[in-house]
Each structure stands twice: as structure tokens, then as C-alpha cells.
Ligand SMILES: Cc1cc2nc3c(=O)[nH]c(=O)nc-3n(C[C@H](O)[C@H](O)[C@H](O)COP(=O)(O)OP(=O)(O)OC[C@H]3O[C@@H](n4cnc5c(N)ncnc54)[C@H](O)[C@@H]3O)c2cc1C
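Next up is one chain by itself, shown in C-alpha cells, the form predicted alone.
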């Protein structure tokens, strides 16, 4: 029986471990954290209120369901999902709000009411193209081991190539949106999808428009928080025989340039010539202490080549005025300045977009009058947590800007100055060393950038990669797919499945 060590219990590591255990491998998964899940996390304040402080929803649910099905299990027996009718509520002022729905017809009608019938028709064409793009790229890019431009063009054929040209594949997402919508607010709304990959819509490729199709396929909340999906994966992994150790891996061992095992923080060793590293790719050097093997590593990302970080606030308060649903986005203007502040000036944006997750609301959005509710607020920020610290004055100014925008849009929060928990790029850097606080690896900037992410196979024989900083990219479904691709690559190299 071949032994494989998986370093890191994020969604990529868990999915890789499950895939390999299903094939009869002996799998040891190492993660010192009290809860597995990587960036999926849940925190509790001093009053006992718990908050999702990472991903707050699930998309592409079939990615997770299929993992359970292949394990002869039913995911619905492990975790309960609630499909959201309203994907998100968007606001620019108290008089400008737009809901997008899981029902395409409702979304069309909402856009028509908000921006006019001509823009609704543009929205329909945009949605159709986003769906075609997802269909074209799902197998040829997302689930492909090492996608390359020429390889992908050959795979998608004439029809797929035509779809890429229609999407403006060599242009930025913002350029595509400028050609699609006349209404600046709609450009902002769909330009925000670049931030799902930690990027600027002025630099990200237009192909990221397919994220809208991902959301149209369904957005689910998880009963008890997304952490319960991580717990379900852990439970499945243990059932399939994965050994989980709450130990920190201090070193990836090697001899003569070959992987030989790992050294743990308790001084013990696990011998193996097959390792899956499920962590921030930029943190890998901290594990490769042997210089000979370290030299095979890809060069570090520079500080200027980091994706977005964030500042978040968690609180439990009464709200009034603006009717919140589960997911709410409040837009500021000018929009471009937000990304100029972050990527060019390296500072907290003065007029940020604000995301609010009302964690006690589901589809109806209703809440009992006078009841306090748990709120998770997030703005984009530069990934400089390893060399910059936000002063109390900067934090206070930033917080004032955030709540000023919410008030402008009609949302009143009782005692907004009373924040239970906050996190900054410095906190994210401490949680994920090597990242600088970046939450998505390197940014997806430029049309070639999707092909430059590290793939499942590292340059070191026997060392494989998974997680949101490698192909196919960030987000729970993509990280889960990355783990499956890493397991697949490992088995291919052992001759167990055909390449």
C-alpha cells in the first residue's frame, strides 16, 4: 500500500485525501488547526456569537456532491444546504437597488426595471455568453491538469474559439463590460467578479465573466455555516480511512533531490516519497529547507504580484431602514479608484465597495422586528500584512467611510462603533504565512495569467500541489477540484490511471 502525506487540511487537501483513500492509498493528513477547512473558518466573540469569517456560501454544489457520490455516500446526509432565491442585493444609494435572482426571468425583469429594457436585453446576451463560456472552459481549463493556450484551443474547437472571441478573451473584464452595458452601475456589479479571484476588473481577463454563470447555477448557504461542509469532508475522510494528525509539518524531507518524508513539530518523522502540499504556494520554501531541492522551486512572487487582501468586521446589532437579504453589496464611486488605491498605491481604498453578509437571513430576508442579527462586513485591501500595520487612526477612518456608505444606502446599524471582531491583512498574513495577507495567491491579471498558475505537479518529483493558490484558482469549488487534480496526477505518475 502506497503512503501519501497531505500537508494542510483545506478543501484541496481534504478532497485529495478522500480521492486517494478511495483508491486504496494509506493517507496521512497533517493540520495543526482545531478545525479543518483552510480559509473556511468560524470565530466566536466574547458573548458567544459565532460568525463565518471566510467563504459564506457554496457554488457549484455538484463538485462536493460528486465527491461524496464517488465515495458511495450522500452529501445530504452529512450537511444541509439551502438554495438562495436572491443571489445578492446590490445598492448604490437608498433609491438605487437591484436584486439578482436564481430565476433568470426574475433577474431580467429586475434589470429592466432598474436600468431599462435595452440594458435588460444586454444582460440576457451577457448571461447567455457567460453560460457558453463556462461550458467551453469547464473541462478544457478548470478540470485540466496543465492547461495551455494552444492545448485549450485545440480542445475547444471552432465553436469554442468563437465563444472566446465573443467574450473578448484578450481584453480585460472591464473592457468587455464597457462594450456590453451603457449603465455604469451594471459594469460595477459584474466587474466585481474579478475580486472573487483577488483581482482588478481593469486587469483581469474578460473570461472571468463566467463567474456569473456559476452563480446562476445556484448559490447555497450551509446550515450552521460553511464550516459544517468542512466538517462533513473531514468526517468522510476519516470514514474512508484517512489518518488525521493535529501536527505541524516543519520540514519536507529530501535526499539527493528526492522526496523522502516529513518532519513534524513533535520531532517525529513520516517516511514517504509522495506528498501533496495543500497550502499557499508562496509558503512552500519554508518547508523546503534542503537547498538542493529548494533550487527546483519556482521563483517567489514579488510583493507587487499579490492578489487582494481584506479588512473584515463582525458584529451583532439591530438594523433598520435598508432591507437586508443574505448577501448585500454596497457600491461606491468612482469605482476605478478603489483598485488604483490598492494595487498602485498600496493603501486602503478611501471609498471601498462594502460586502455585508447578514448571517441570520435566508431566502425571505425577513427578520423579527427589533431582533439583533449577526453581520459580517468586508472590504478589499492591499496584501501588505507582512510589512505594514494599519494604525488606529487609519482603521477608524476606514470604518467611518464604510458606515457612511451604508447609511447613504439607507442601512442603519445600531452602535456601529461596537465591533466584536475585526481582521486585517496582518491577521491574514499571520494565519497564512508566505501570503503577505493575500487571500487568492497571485492576481489574475492579463489574459495569459490563468495559464501561469502552478499546476498539480511541482518541479520536484513526488511533490504535488493543491489549494486556492494553484490551478484552477481560488474559491471552494476550485480548491476542491485542485485536490482532485493533484490526486489524479499522483496516480497517473504511478501508472494507475491513463494520462
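Owing to the predicted nature of the structure, the values given are computational and were not obtained by experimental measurement. Residue numbers count along the first chain shown, from 1.
A second form of this protein, the form predicted together with this ligand, is not displayed here; the remarks below concern that form.
A.B. asks: Check residue 51 for me: does it contact this ligand in the model of the complex (non-hydrogen atoms, 4.5 angstroms)?
C.D. replies: Residue 51: no contact with this ligand in the model of the complex.
A.B. asks: Just to confirm, residue 278 within 4.5 Å of this ligand in the model of the complex by heavy atoms?
C.D. replies: Yes.
A.B. asks: Flag residue 271 as yes or no: does it have a non-hydrogen atom within 4.5 angstroms of any non-hydrogen atom of this ligand in the model of the complex?
C.D. replies: Judged by the heavy-atom cut-off of 4.5 Å, residue 271 is well away from this ligand in the model of the complex.
A.B. asks: State yes or no: in the model of the complex, is some non-hydrogen atom of residue 471 no more than 4.5 angstroms from a non-hydrogen atom of this ligand?
C.D. replies: Result no; residue 471 lies far from this ligand in the model of the complex.
A.B. asks: When this ligand is placed as it is in the model of the complex, which of 43-51, 446-454, 65-73, 428-436 ends up with heavy atoms within 4.5 Å of it?
C.D. replies: Selected stretch: 428-436.
A.B. asks: Please pick, from 378, 406, 100, 219, the one residue with any non-hydrogen atom lying within 4.5 angstroms of this ligand in the model of the complex.
C.D. replies: None of the other options qualify; the answer is 378.
A.B. asks: Which residues, if any, of 58-72 lie within 4.5 Å of this ligand in the model of the complex when only heavy atoms count?
C.D. replies: Contacting residues: none.
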